[in-house]
Structure formats: C-alpha cells, structure tokens
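Below: one protein chain in two forms, given as structure tokens, structure 1 then structure 2.
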Structure 1
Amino acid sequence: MAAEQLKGLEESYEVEGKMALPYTYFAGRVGSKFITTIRDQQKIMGVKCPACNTVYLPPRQVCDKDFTDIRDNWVELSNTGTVINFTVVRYDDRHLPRKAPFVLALIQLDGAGTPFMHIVEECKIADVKVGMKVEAVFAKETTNTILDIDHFKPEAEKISIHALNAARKQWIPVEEPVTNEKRRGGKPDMATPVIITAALTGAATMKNQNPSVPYTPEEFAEEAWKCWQAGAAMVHVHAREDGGMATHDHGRIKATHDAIKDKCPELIVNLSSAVGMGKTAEQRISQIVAIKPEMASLNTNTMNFGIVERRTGKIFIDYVFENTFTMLQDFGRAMEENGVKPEIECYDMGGLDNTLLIARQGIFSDPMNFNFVWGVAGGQAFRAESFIAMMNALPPRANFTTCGVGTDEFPCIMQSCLLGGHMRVGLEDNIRMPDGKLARGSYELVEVAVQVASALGRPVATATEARLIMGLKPR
C-alpha cells in the first residue's frame, strides 16, 4: 500500500487466517471405469445415450437431458480430437498441474458429443488455435486421475491420400505388352499405383477378438468409409448376421453391399464366394450372380482350412475347404458372364497351376487378377522365394496382390509392393498393428499399407486407377 493510503491506519492491523480443508470425492462407478480404462488399456471410453445419441465424455450414469440410464452403453473414442476453446494459465499455484505458463483447453474427442478439459503441450503457446487437431499422450506412471492422460499434443499432420492423389497425374495404362521377361529382369514397375484392399471381416474374426469387426450393414459402411478415407480403393466383404455369423442370405449380403456403395460410391466392393464354413456350392455362387459386385473372390483348390495353434500345433478346428475343378470352372464362368471380375485366390503354387489349367478353356478375361494368400492353416506360410516363384509363374498382363494371416500380413504386403504388386490388409487377415496392439479398425491397417507404399515411392491407386489396372468393366 502507498504511504498516503496507510495514513491513519498506523495503529490498525490485519488478522491473518488460514483454511486447510481436505476433501475427497467419489468418482462414481462410471467415472472410475473411465479412469481405469485409460490407465490399464490406454483407451478413452465414453457412454452413448441411445435416446438422444449424445456421446458423453467424461462418461456419466444418466443422460442429463432425458434421464436415460446410460451407464453400460460404453463406446470407445478416438485418441484424437479438436481444441474447441482454451485459456493460458499464467500464474503459479500449488494446485495447478503444471508450472505457468501452460495451456488448458476444452478438447472434443473425435466421436464425442461433449468436450472435456486437458492440458495442451509440445507446441508453442502462440501456436495453439481453436480448431487445432490434438492427440492424447498417455502418462508413463499412473496417478489414478484424469492425468493418466498426461497431456494432449498437436496431432502429427496426416496428409490425406486423396489430396496427394488429386495433386498428381492420373496413371494411364501403357500400351506396350507386359512380358514375363520384363518381370524376370528384376525391374518391377514402381510407377504403377498400388491398389490397397481392405478385407473388413472374413468369416471367422469376431468382435470379441477385435470390437471393430463389422456385423451390420451400417457398421460395414462405416468401416469401409474409414478405409476409403485412409486410402483403400477396394473392400473385400463377407456379410454377417447381427450376431456375427457369416451368412449366405441374399438380402443381407445385398443390404451390406448397398450400404457400402451408398456411403462410398467410388469404392470397389469385392464379395466373397467362399462365404463361410459349410456353405454349399449353390449358396456360394448364387449370391454373386444375384448381386453382381464388381469383383468376387474365386478359390482355386480343395485344401485343409482349419484352426491350429501355431505354437503347439494343436488342432482346434479341422475343416476341408472344397474347391473342385468343376467349382473353379463354374464359378469362374458365372462371374465372367455376369460382369464380375474374379480375384483368383492362390493359397499355394498348386492353386495357381489349377487356375492356369482351367483357364485354357478361355473362361477368364484379361487381365487376370491373382491374390497370393499366406499363412492359412492348410495353405503355405509366407516365404520370400515362394512369392517370387508364384509371381514368375503368372501369365503375361496378370496382376497380383497378396494377403497374409496374422504376422505374415506386413512382410508379404511389403514384398508385393516392392515387386510391383498390390496389397490387401484388414481385420479378416490380422487384428493387430505391427507393434502388437489391437488395430482400431481395418483402416489403421490400411494406413500401414499407405506408409509402405510411400516408403517405396509408389503412388496409392485411386478407385478409377484400380479399375483400369484390374480391367474392371465400366458400369
């Protein structure tokens, strides 16, 4: 206080006080699970109100708008979100989580309907903007509080594959014939865009293995759209019932196919002609003829197709996947006659030779499109030299893509991309990321494939380019 203000108060005094009021508060069951899930699984979960569709984060027991009990309606949210507002804390205090200055922001996670407050770091304060994308950085040591998310940092800038493709010239087929000699010369054509296919489910992968496996047409459409965003030109689809069982029901398959086409009209939909275990030849092909997708899988040999524990060799499910010469011929003919381009599935060299033998009847239109499948219990495991042998056995102008079950997925797609072939990834084949964490969806695996392509300098094919490469009939 200035001297003149103190005038007349010389004999007065102030009484100093101090309050220490310790307190606790119960986080609630829902609030506790929210924190422990972040702590133990590094997953951010909200709850969704089925009545008003609001996704609450932080989660709560009851929708405060309509009083619907939502405590068990958990949904997993993205680790990324948007800053919708922020403030800069410029004073230091014991109760503050950081030394000033630091940024406290309201962050709305992708998929959430409500924002929550957290710290934004790893960037200059001046660079924090409303609307900026941020991602969660989890704490190394738990405090059993919301600070188990240590802070948010600016999201690593992801350039959209569609933006990249729009900025380059479209690939046009070269008229000169492609010969086996050219391939054997060891100079794959790295200028040809690489087609990325996302296999969304298969017939066997279930939600309890990875919750992102789609069952309903809506879930398929959502997953397909995410894969499309990430860079896939095609999706491979086995339709499921609501409970997850693979189905041959034409109505359900058509609904699934159409839901995907409605959401992403450009995307190529490749339906399975294997459908699932125990389906008859009629059930397998009639749906393809009825729905007429742009592409469909065509299986090339009768083989074991079981579930065997890799480590011990113990057989869990023993099953013979029947694909006789007659089926190969009839399915192939039915597809070609209905304008459905076959994707020829080769689980070993024998399957490839079977196809080449039947192909002498002149069933298949040029170019033929092969998929080398690795790691099925009953087919061959991925080996680099086997891959090259199969590639070298292909007829001229044929295309090849590849997919591998489990950990075979990443080396096999990398080799295919390196040799001028294409790549298939997705939850049908593999549910985990290269680091072993569960993939958040097939789209995350598509992102890995995009990284492989960009590391090798190959452009990622647009759907239009994919159609040109694979010789799909214009619709």
Structure 2
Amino acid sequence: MAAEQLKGLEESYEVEGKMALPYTYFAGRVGSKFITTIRDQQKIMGVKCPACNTVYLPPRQVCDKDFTDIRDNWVELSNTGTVINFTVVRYDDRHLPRKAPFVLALIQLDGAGTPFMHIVEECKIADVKVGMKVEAVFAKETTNTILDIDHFKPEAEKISIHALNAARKQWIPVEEPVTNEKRRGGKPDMATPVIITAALTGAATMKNQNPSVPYTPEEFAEEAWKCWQAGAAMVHVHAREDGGMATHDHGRIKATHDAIKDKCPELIVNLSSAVGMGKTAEQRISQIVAIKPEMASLNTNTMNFGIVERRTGKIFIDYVFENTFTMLQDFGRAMEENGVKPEIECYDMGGLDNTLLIARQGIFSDPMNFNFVWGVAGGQAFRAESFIAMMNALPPRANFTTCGVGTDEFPCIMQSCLLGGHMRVGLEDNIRMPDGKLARGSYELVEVAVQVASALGRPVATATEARLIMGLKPR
C-alpha cells in the first residue's frame, strides 16, 4: 500500500536505501561438496540423474524432470564449455564480483545438461559471443565460494592428437635381416612413433592420495577413455575391489577389462601379473590365462619391495616381491601360449640378464618388449648412465619403454623418448604434475608425455601403430 493511501500518513516521507548484512549459511550437503571439490581439487562436479541422464550443474539433490534422488550420483565435468547467453554489467556495486563493465555469462560445461552463471574475462567485451568456447581459470587463493573458479576465458585452440595422427602418413615397419649381433647404437630412430602407456592405478595408490584413482570398472573405463583421447595407445591395469584393494578375482578383473574395451575398443589393455602384495603364483597367472588380454606385465627378479618415506628413510611397508626363475619361465610360457604378449619389467640390470638367460629356451617371440622401472623402494633409482647400459644390453629387435616412481617419472620418460624408446606415465607411478600439483587423472600425465614427444619431434603412436611396433595381432 502506498504511503499516500494511509490515513494520517499523507505527509510522511520515504527514503530509499540498501542494507548490507554480513551473513553465513549452510551450503547444504550437495553444495558443500560442489564448493570444496573446486577449492581442494580444482574439479567441477555435477550430479547425473540415472533415470533421464541429465547432468546438473550446479548440482542439486533431486532431478527436476522425474524427481529422482540424485545427490550421490556425482560425475566430474570438463573445465571447458560454451557460452549460451550473456549480459554486460554496466553499473558498479560493492557486492558485485568485478568493477563494471564486465561480462556475466550462462556457461554450459561440456558434459553438463544445464548452464550456470559466471564471469568471462581475458577478452574484449565486444568479442564475447553466444557459442564461444571457454575454459575455467581457477583462483590462486581460495575464497571458499564459487569464485574459486576465478573466471572463464576463451578456450585456447587445441588440435587433438588423433587429428594430428590422421593428417600424417601411418608408420609402417621396415623389415630388418635377422642378426645375432648386439643392438645397434648411435643415432636413435626418431621417425618411429612413440607409444604412450597410461598405468591407471597400480596396487598401492589410493583415492586418499589422489581422488582420481579408479576403483570400479566404470571408473576404469572413464579414465582409460580420457587417456586414449589424450594420446595413450595402451593402459596398464591392476583391477580393484570397490573399497580399493587390489584383487585377483577373475570376474572383477574381466569386468574391468571388458568395461575399458567397451568404452574404447581401440585401446590395448595390459593387465598386471603382479596383481598386489601377498598373491600366490597361481592367483597371479591364472587371471591372465583366463582373460587373455593383449599384453601383461612379466616381472623378472625377486627383490625388496616396500613403501619408504623418501626424506627420512622410515619404512611403512616392507615385503619381498617374489619372482623366481621358475615363475619367470612359467609365466612367460603361459602368456606366449595364450596369445598374450609379455611386457618384461626390469627393475635393474639383473632382471634383464635373468630374462635373457631364460630366453635361451626359446620361450619369447620377437620383438621382446621391455619396461625399465625406476624409483621403486627396493629397485634402482633413475640414472641416465644406467638407462643407457640397459638399453645397450637389449636384444637387437627388442623394444623398450620406461616408467619412474614419483619424481623419477619425468626425466626417465624424456630420456626414453630421446633415445627412440617409449613412455609410461600414470597414477600408478606418480600422482603429481611436473609443477607439484595433483594430477586430475592419468590423462593429464599422458598430456605431459605428448608434449615431450612433440618437443622432440616424434609422432605419437596410434593403437594400430603400437600393435605393429610391439608385434601384437592387428585388430
């Protein structure tokens, strides 16, 4: 009711004003996880309705369409999206997040079914368009609000590794005469594509160390698909139970293997024959024979294998990783007889010599594929001269890749790529990026490997080329 309509108040005078009241409120269970995940992990999470498959961002507890309770059905979304509408704020108010003028846009992230509002910067206002691709820029210091995504900026133009591979001539192997001579040294062959493998979990890396470690078959499939998109031709897998423990259960391992192949049929799946601590020889090899992946790891020597705090030397887990000559022989023979190509893992020169000794039985088919492993507590740390010595000891037709635990990862893959070898990265070996931040997944480490290859001028192998290089059957 207007003041002039109130009897006795005809001469009252109204003054317009604003009140600014500091306040706090509970963001709710869903809102709390949404904000803290952005703050702590720089991940943008939505919730997906299992009934209609709508992905909501911002997340909510109930689907608007069918009222399904979706509060626990979290999915990680891309940091990139599309501007679907926007406005230019042209007035200043101390409660606004920026001084005018600035752009507030409705942005629909890739994979989301609903948009949310945020700031677009790092471009002229006149250049902001509906349909513009943008990417999130996270705040350097937390605000404990949605402004932990500081703003969105125009997405840098990226050319996918698959587009680059499609534009070049496919690599074809050159037949070489059989020779018993030692491996030829000298200038490395930089024209051969480099195979990038993503080791998704290992047996010991857990979600409390990096939340992106997959446990369920669905999580493995999603992470493997991201790695393939980033440039990996192969994934190495230790299957897990829902609680995260490594498992030798055939059903669970097959479900994990099949989920990856269903999601990304082209990828090579390399299962572990180590599985995890305390597994018997029968538990380790029977799952390989039952599932028959294209490749499987083959360990080459008995050794200490522990978890030791690097700075203090304090021992947390200490056990002996048993790989006798008989196991090396029997595992290798079982793999070859079942069409599984061994990836021969050498933790030092002794493991390589063990393999060459057993190989005199004629167990292994050419080319033999070796993986030099560095930095395990119980194995040798990465040293450039040790790498070269092991490479020069290989049979003439053998391939080599490498992986390193923790900070050994990046120097060893660079040396391997430089010397004509291949590269393995992933959360099994290392959970952090070169700048020390937690990797958002193994796929981010694959992106680093792709950058290494690009800097050295080597093409990244497609899965088809990887099969040719490693002697696998074409698919």
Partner chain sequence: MAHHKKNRNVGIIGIGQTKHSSHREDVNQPELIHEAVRLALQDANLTMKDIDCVVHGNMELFEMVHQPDLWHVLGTGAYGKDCIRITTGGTVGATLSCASDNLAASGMYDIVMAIGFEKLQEGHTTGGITNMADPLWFRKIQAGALTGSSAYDVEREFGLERANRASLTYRIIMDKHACLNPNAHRAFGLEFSQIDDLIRTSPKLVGELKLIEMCSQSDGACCVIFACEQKAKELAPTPVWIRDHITVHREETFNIFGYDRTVPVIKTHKFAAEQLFRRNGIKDPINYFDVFEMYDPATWWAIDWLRDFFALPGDEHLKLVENKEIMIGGRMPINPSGGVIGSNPIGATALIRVAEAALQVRGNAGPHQIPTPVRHALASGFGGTMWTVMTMLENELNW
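By rigid core we mean the largest C-alpha set that fits within 1.5 Å across both forms. By convention here, residues take numbers in order along the sequence of structure 1, the first being 1. Remember, predicted model here, so these are calculated numbers, not experimental data.
Enquirer: So which is it, 1 or 2, that shows the form predicted in complex with its partner chain?
Expert: Answer to the question: structure 1 is the form predicted in complex with its partner chain, whereas structure 2 comes from elsewhere.
Enquirer: Report the entry in 95, 22, 360, 157 that lies at the hinge, where the C-alphas stop fitting one rigid part best and start fitting the other, between structures 1 and 2.
Expert: Answer to the hinge question: 157.
Enquirer: Suppose I asked you to quantify the rigid-body motion between structures 1 and 2; what rotation angle in degrees does the smaller part show?
Expert: Here the smaller part turns by 18 degrees.
Enquirer: With both forms fitted on the core, how large is the C-alpha shift of residue 13 between structures 1 and 2 in Å?
Expert: A shift of 16.8 Å at the C-alpha.
Enquirer: What's the distance in angstrom the Cα of residue 69 travels between structures 1 and 2, core superposed?
Expert: Residue 69 is displaced by 7.4 Å at its C-alpha.
Enquirer: To one decimal place, what C-alpha displacement in Å is found for residue 128 between structures 1 and 2 with the rigid core superposed?
Expert: Value for residue 128 between structures 1 and 2: 2.8 Å of C-alpha shift.
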